[in-house]
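Only one chain comes next, encoded as structure tokens, the form predicted alone.
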Amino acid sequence: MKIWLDGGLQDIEGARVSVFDHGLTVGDGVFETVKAADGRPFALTRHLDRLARSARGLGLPEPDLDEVRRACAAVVDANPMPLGRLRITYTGGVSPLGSDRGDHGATLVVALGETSRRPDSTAVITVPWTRNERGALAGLKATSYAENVVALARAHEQGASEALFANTVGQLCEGTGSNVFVVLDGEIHTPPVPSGCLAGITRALAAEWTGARETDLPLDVLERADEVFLTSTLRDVQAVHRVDSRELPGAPGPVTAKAMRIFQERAGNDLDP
């Protein structure tokens, strides 16, 4: 395996990031996960635009998106695989031991790992912890991911693949690595970005292609929604067949199944929508 680290391809065994990198010591960094099918990244331009927005939100130097694009192409070409998780990580670089950022410049890492297609439906749980829709990191895809690690571990303990958060005012927000949609009386709804959720790439495309509405939703909408589905880079559109102890028999339901078909068709026709 080869990765891109600070300007060029390196063998994974020899690639080294400093132990003083701010991404390691305090989680000062941003990242993107891009689906790469048969060596072709999906929606790369949207992902790079969001990487730059997240970097600006953290006050990191503006990433050189031309270099990031070259790095993605080089890593994908060097590691052929049917379906891959292309991970772009951009951190504050070597810095003092503390919250102050150093002046050594940012660190860029691009790596690729093999993955497999997700099942058509999955189980999710809700967790007691909240997303802070007014926090400094709200809406940014930051590497500070520990609360997601904790919540996802809780989901796995309960036989689920995802954990869903409310925000601080009790509204449905998002999953640890996904956005959530609900179907009410045949209409598709998803929480708006001001709820504190990430402006997901797949979320935006699914909403555009299906006509979903952005709606403030209470967390307990999950107790009465006709259908529930998730979106993310590697899930695409994935139906939910259980929320906590509530079963949703027949998932994917008709609205979700149509959304899945639409997304697959539109994404297949345009690799960089």
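For every residue, the number given is its place in the sequence shown, counted from 1. Nothing here was measured: the structure is a model prediction, and the numbers come from that model.
What follows is about the form predicted together with ligand PLP, which we do not show.
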property	result
Per-stretch contact check against ligand PLP in the predicted complex, the hit in 209-217, 22-30, 57-65, 231-239 (non-hydrogen atom, 4.5 angstroms)	231-239
Listed residue that, although ligand PLP is not shown, lies within 4.5 Å of it in the predicted complex (heavy atoms), from 182, 125, 198, 110	198
The unique member of 191, 84, 93, 175 whose heavy atoms fall within 4.5 Å of ligand PLP in the predicted complex	175
Non-hydrogen atom within 4.5 Å of ligand PLP in the predicted complex for each of 50, 145 and 202	yes
Within 130-145, the residues that have a heavy atom no more than 4.5 Å from ligand PLP in the predicted complex	131, 141, 145
